[in-house]
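Structure 1 and structure 2 below are two forms of the same protein chain, each written out on its own as structure tokens.
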Structure 1
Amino acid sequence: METGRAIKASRSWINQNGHQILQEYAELLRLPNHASDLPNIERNCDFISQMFAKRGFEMQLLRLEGAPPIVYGERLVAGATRTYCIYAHYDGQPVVAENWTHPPFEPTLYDGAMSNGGRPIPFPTSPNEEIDEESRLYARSASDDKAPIISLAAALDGLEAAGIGLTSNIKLFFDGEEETGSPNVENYLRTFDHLLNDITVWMLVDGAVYPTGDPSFKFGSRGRTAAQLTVYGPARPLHSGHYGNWAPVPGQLLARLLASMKDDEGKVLIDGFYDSVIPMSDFERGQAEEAPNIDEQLKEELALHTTEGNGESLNLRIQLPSLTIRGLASGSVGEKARNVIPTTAVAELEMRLVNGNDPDSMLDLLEAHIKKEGWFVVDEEPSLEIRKAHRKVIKMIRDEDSFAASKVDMDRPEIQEVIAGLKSFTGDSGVFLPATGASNRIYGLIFNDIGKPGICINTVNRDNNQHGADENVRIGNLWYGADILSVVLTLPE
């Protein structure tokens, strides 16, 4: 089927029934949805199950003791030779209600972004009522990640009204604890593998479009690991006048160590840091290089004169592992600063990992570098005897919540089929990146652990205040979500 026919069906339905779409969405957004609030989580599950049951899906709640349910559904198509599974999550971040302009679970429509002077407006009530695509809907999870749920419902309704059938079996897998790290998803995938084994490609619908506003699609995410480093000076704080120039200063010791790990251009100097990276294919590198260059836009927005990497684009830099100092502490600053040499200095280091990097091995490389710089490394609080016996003592605590990167080979035939279909919709504006710079455990569980390919589809506006107060979604992005999902639902065989 031509992509244009699916888009026409989506837009026709939206133009006639936009008021009903927003009314149904407002009902869903009124339901509090933090993973720890199990009574309200159940209300979300029931609401979403009913939404898709009336749209032809066989629905059930997959349950594990003490965990939010997975909202699962399937709609089988006679003669279909492939099965797509659409992933989204219905849970949201906790809220601090006093920081919001309106109560976070009372959806409020604005004629534009608050930050641009937008004002509250009534919800539309009439068929064919024009709805400005620049208007914004404010509520917790309006963008992250209930948006694709309502967009999918609208896509299904539009296709049904136009008499256009689905071309693939469709399954739904809606997570109820993504914002708390999806601690039970691995167990769900294993326990209910009999429902998931026939999936051809997972469609993970989450996240914002490209910074230019172009449609964006990603095929993996970086892994992550971290370590806390504590270096030791005197056994008690010392007067900096009496002991300065004599007693070692922990902050300065730590600063020299950290400076040895990266050069001025951002290259990590730890031996072997890049050796395990599995390079991108020619096709993947080509896609990353063809993406609109956003570096100058971001440098202006972020007030940056220079970036790391000798001018290499952000899209290529995030395909490499990174080493970041995400926190430093020693003594006090500002009005609390004192004339003392502190006893310790602490650094929090994070590594974002790419395809081929093993988290434990990367931490081993870090530890080897620290030892090479002359440090005695311990993994627990060192005794005074140890501190007296060694010139430089450092405690290294490894992060236990590490996980590897996950990536789908974009050259796979079933992925190429999806890319071709999506490009028939996006034309030259689509951005297809080998991986996102962020880290998401669910990608690894699907791509690596159960060995299924997938694609991340981004639909919401970039300025959505995700996770923060006054979270919002641009209405035009809800409609775009319906359009792109209409394409997915009708990709040619």
Structure 2
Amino acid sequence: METGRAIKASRSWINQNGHQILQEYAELLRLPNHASDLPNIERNCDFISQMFAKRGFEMQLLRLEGAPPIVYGERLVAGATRTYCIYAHYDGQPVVAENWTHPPFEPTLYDGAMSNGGRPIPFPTSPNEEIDEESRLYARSASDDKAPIISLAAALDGLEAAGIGLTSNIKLFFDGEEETGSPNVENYLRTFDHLLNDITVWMLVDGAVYPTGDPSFKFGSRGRTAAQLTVYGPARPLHSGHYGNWAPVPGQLLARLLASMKDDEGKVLIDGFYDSVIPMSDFERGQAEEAPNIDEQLKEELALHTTEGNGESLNLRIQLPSLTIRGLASGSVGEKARNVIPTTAVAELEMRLVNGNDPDSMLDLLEAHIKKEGWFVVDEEPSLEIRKAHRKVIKMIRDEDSFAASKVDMDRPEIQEVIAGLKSFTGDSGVFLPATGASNRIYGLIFNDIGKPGICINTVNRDNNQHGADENVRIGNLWYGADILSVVLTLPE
């Protein structure tokens, strides 16, 4: 099976039946889908189950008490030696309807992005009616993450119409609570392991394509940990006139500590901070280096003159752990500023972690650094006696929301096989990133907890307003999704 035929089938189907695809999609988007709204969640499940039952899948709803069901399906292919599982999520973010131009569950077509002067247009109604790829469909979950569901349906239809068979067993695993953190997915994966343990590669279809618009694929995400640091000055706020130049100033003490943690180029100075990083393979580094450099575009957009790391690209920088001051507070600023020496200064530090970094061990390194700087470290509010007994007292509270990075080894043969197939479609334009900078619970569950390889496939436009008002999908990206999934469904054996 060569890639070209699958794409041709997909495009031919779309050209003739775009109006039907959009009609079916509009029906799906009319169903409200917040994970807590269980009656509507069931309506989504029924609709999606019927969509894929029609397309040759044996469907069932996997159920755990009180949780949105997993819409599960399988279509087995005689003689297939691989099983791919398509993951998407049918639930959506909550909506604040008054912020939307149109009601979020009344899908509305525009001839372009609203932000670009687009105007509402009627849905197409006839076969072969041309649909501009720049037109947009506005509705909650239009991009995040019902788009892969309709793209997959179109891909299946296109291949069917062209008489092209699938080359792998295909399973479906559509999550109904991703936007609330997938609290039950771990349990689902364990409980229904008998349905899932033969999966060769998970295809996690979610998220937006590369900023350049090029196809993008990711193989991991960073972990995370955080700590809150509080340093102490006088036991009560002091008049800065009466006591200034005598009482220690907590903001000053904190500034000196934070300054010791990172140099002017953004290199973290905590001993051992980079030691546990498992380096990328040559292939992975090559992929990260080959990805189009978007730094200049981003720097322009973000009004940045210089970035951390002496100009090393974002795609390489996110393959290392980070240390970010996400919050600072002492006394008051602006109109509320008062002439006081505050009692405390607080910093919220966050780390993003890569392959090899253990969250607790990374915080241990941070704590060791603080001690090396002469601080007495406590993990609860220090008594006045403790404050009197030590020159520099700091409270360090470790964040409970800590987890390791998720990373698939891109050199694994079953992954190399998929990459090769995808590249035969994308050519040089495909971006294959070893890991995204952000963290992703689903990656962690699949890559780490059940130890399966997976690939994240991005299909939608970046300017989709996911999670906000006026969420939308660019129609061209729905079609792209059908193309890429046609490739996945027909990867050479």
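Note that the structure is a prediction, hence the values are computed from the model and not measured. Residue positions are counted from 1 along structure 1's sequence. Here the rigid core means the biggest group of C-alpha atoms that line up within 1.5 Å when the two forms are laid on top of each other.
(request) Of these two copies of the chain, point out the form predicted together with another copy of the chain. (result) Comparing the pair, one sees that structure 2 is the form predicted together with another copy of the chain and the remaining one is not.
(message) Superposing on the rigid core, is the Cα displacement of residue 382 between structures 1 and 2 2 Å or more?
(response) Yes: residue 382 shifts by at least 2 Å between structures 1 and 2.
(request) Determine whether the C-alpha of residue 230 shifts by 2 Å or more between structures 1 and 2 once the rigid core is superposed. (result) Residue 230: C-alpha displaced by 2 Å or more between structures 1 and 2.
(message) Taking the rigid core as the reference frame, tell me whether residue 364 has a CA displacement of 2 angstroms or more between structures 1 and 2.
(response) Yes; residue 364 is a residue whose C-alpha shifts (by 2 Å or more) between structures 1 and 2 when the cores are overlaid.
(request) Report, in Å with one decimal, the C-alpha displacement of residue 341 between structures 1 and 2 after core superposition. (result) In the core superposition between structures 1 and 2, the C-alpha of residue 341 moves 4.3 Å.
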